[in-house]
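Consider the single chain below, provided in structure tokens and representing the form predicted alone.
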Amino acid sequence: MMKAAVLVAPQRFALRDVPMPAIGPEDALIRVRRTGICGTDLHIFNGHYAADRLPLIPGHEFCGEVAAYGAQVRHLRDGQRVVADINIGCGTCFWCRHNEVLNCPAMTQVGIGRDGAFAEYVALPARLVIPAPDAVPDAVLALTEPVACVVRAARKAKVGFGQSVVILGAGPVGNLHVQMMRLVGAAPIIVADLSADRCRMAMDAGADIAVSDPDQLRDQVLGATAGRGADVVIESVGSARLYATAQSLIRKGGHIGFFGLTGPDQTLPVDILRTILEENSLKGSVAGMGEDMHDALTLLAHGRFKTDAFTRASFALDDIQTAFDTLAARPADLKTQILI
């Protein structure tokens, strides 16, 4: 048996002793050390996402160590520190072969479609388990999955040197987008958030301009881009209103990165003629997978991301209910991690 935080109903965790997950010949059992709280976990906690899957053990931003593995696994060893790609596809279909695992008809995700890492142990296919450098602290390793998400978003947006980027939202993932865009050479990087504190944190992370007044945003973007509008706008909040704002901020031939999750009933009116004539593009991206995870781990291992604001808040597994209940009151903590 193992201890786990089971979400038994929206906004209600129960700490339970549950059976340890079984593994097959190609699987690995990971002893979890730290698990970060993701925006998706908040959606699940509040009943806005995956409500039909409760009771569920959430948690997918984790690091740990190898506790056991199947007879056919060759690349792991007992006690090895690891992170993991949480996106489990069939491995053979068209989408899996093209690293578009989220579109696999058999796809499931650790902590979302199946029990996850707010528990002492988690099991998954060993092919998705990635050995981690010994020198990287657990608190930083647990950021690998969210960093992989912004790595993939940058790839999808095809951001180049000197391209202007607007990031709508300066929360945890918005802050990571800022840092990712700086790494790939974007300039200027403009951030918009209603919180002045989060705007200051975005500037510390590498943004060139931060705007907390929505009425000034368009003028600031036009002023910073010689009146053209931004090359790329990334929505990282999950608001239909902000997606509409994004359309007003891109230049002709610009790109909108659809990243923030909205409710399933939210839609976006698109000016079809303008999109065609200006050759604008819209592309979704939500989760890092495959090489995105490996690249994210490499970037973190070499100190390419500022992680202090993501690693200073932690709660014991026994206090997970408090950790979730108090998140909104701690905006300066960009990430909260659960110590397992």
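Quick note: we count residues from 1 along the sequence shown, nothing fancier. Quick caveat: nothing in here was measured; it's all calculated off a predicted structure.
Note that the form predicted together with a small molecule isn't included here; everything after this is about it.
Stretch-level contact analysis of 264 to 272, 121 to 129, 172 to 180, 88 to 96 against the small molecule in the predicted complex, using heavy atoms and a 4.5 Å limit, identifies 172 to 180. The partner is absent here; in the predicted complex, the one residue of 187, 226, 194, 244 having a heavy atom within 4.5 Å of the small molecule is 194. For the candidate set 210, 149, 256, 82, a heavy atom within 4.5 Å of the small molecule in the predicted complex is found for exactly one residue, namely 149.
At the 4.5 Å threshold, heavy atoms of residue 111 stay clear of the small molecule in the predicted complex, well away from it. Contact between residue 285 and the small molecule in the predicted complex is found at the 4.5 Å heavy atom cutoff.
Shown alone here, residue 236 lies within 4.5 Å of the small molecule in the predicted complex, counting heavy atoms only.
Residue contact with the small molecule in the predicted complex: residue 260 places a heavy atom within 4.5 Å of it.
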